[in-house]
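Only one chain is given next, in structure tokens, and it is the form predicted on its own.
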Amino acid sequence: MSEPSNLKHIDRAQLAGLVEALAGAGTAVIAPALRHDARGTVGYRTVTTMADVVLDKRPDNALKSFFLPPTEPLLHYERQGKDVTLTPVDPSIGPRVVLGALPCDAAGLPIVDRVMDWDYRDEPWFGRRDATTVIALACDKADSACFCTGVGLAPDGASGSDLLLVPAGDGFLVEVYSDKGQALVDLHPAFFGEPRDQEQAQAFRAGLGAALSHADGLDPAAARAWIEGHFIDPAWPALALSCHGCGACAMVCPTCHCFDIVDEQEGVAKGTRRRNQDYCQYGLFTLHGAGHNPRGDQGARIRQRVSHKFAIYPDRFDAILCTGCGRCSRACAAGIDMFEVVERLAGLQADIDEETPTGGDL
């Protein structure tokens, strides 16, 4: 993890004041908060006061939906005779601050950045990225589905964060990691003090690893090696036997970014070109107009999802398309656990390696 460029302290009362100051100045504040439902679930949503913020529970939705919405207009069109007028939608938005992001959610943003700036720069995505300052919170909420350390991240990692809060004493140690983070501190100096209680922050960090010890031996490189050599293999349809093809795993994933673009007619001779999130687990995702589907069964679709995260994306961008957040496992009605899948594939590769002669005297 890179070293912070500056350290500050903010207590809980000051943090509440910062939220109100930001909201009062017209800055949207996005934070984990209770939803207005009977189950009392927590998810990222826009808040105006610290009283709405819940920092001690894990939000069950992905932060990515605030950067890649489920649906968004790209342009409007209108036809007049043989002429067509196109009116692009302005991708710029007002300033936003994300407060209390899980490090695994924040880490997903720079991962998707690489795709969005690969062969074409996605203006809506980067318009939202540029307008948003991300304040992450070191995470002590790991459960058996979490495996961030197994994919090279950490519960106190700062990847994708402009500021990182680490619980310390009566508040938080504030670590500054970007110019945007420093600008937020400089703009609101009344809420940030000199760093203190750093020993307590260190003690908090030292206790984070125990809940993730199960991920210590995970070997994504071995899983990748197996995937690259087993495009056709009985393991894929076997894994798919329990998959419902519902796409819940991709909906809650911090890094799944596939989408479809459609022209929706609105009245006569006009309409909107719209981008909609789409998911590789859907049967229609790769259906061709001629009726052919190269991924015509769920085994092929499961293969695509796992391969994309642990082989295809790493091959192109030298990073894993997974932050180990565990949301897909919690959301799966069939109980498919991504950690167990990667562990199983790595184990299959280990079996192959053990059976392969390493050379020696003939």
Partner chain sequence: MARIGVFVCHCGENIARTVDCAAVAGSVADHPSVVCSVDYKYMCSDPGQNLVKDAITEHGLDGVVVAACSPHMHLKTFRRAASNAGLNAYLVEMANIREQCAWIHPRTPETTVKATDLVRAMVEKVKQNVPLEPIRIPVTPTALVIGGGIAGIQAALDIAEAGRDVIIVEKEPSLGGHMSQLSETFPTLDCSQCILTPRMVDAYQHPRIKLYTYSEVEKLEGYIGNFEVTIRKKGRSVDIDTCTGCGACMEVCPSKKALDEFDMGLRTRTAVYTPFPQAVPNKPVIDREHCLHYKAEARAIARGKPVKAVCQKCAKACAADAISFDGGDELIKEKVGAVVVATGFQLYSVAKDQPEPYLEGYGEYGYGADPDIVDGLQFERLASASGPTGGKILCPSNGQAPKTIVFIQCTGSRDPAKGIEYCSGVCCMYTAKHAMLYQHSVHGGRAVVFYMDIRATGKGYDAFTRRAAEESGAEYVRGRVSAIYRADGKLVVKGVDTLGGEPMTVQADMVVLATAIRPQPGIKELAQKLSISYDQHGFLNEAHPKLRPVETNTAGIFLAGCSQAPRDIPDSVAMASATAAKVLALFSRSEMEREPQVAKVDQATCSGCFHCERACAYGAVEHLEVKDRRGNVLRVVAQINPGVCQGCGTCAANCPSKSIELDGFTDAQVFASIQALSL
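Residue numbers count along the first chain shown, from 1. If you superpose the two forms and keep the largest set of C-alpha atoms that fall within 1.5 Å, you have the rigid core. Computed from a prediction, not measured in an experiment: that's the story for all the values here.
One more form of this protein, predicted together with the partner chain, exists but is not displayed; see below.
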Of these, 114, 292, 121, 79, which has a heavy atom no more than 4.5 Å from the partner chain in the predicted bound form? 79
Answer key: of 270, 205, 188, 129, within 4.5 Å of the partner chain in the predicted bound form (heavy atoms) is 270
I'd like to check something about residue 179: if you look in the predicted bound form, is any of its heavy atoms closer than or equal to 4.5 Å to a heavy atom of the partner chain? no
Given that the partner is absent here, does residue 266 sit within 4.5 Å of the partner chain in the predicted bound form, heavy atoms only? yes
For the interface check, one of 79-87, 103-111, 195-203, 226-234 should have non-hydrogen atoms within 4.5 Å of the partner chain in the predicted bound form; which one? 79-87
Does residue 269 move appreciably between this form and the one not shown, meaning a CA displacement of 2 Å or more on the superposed rigid core? yes
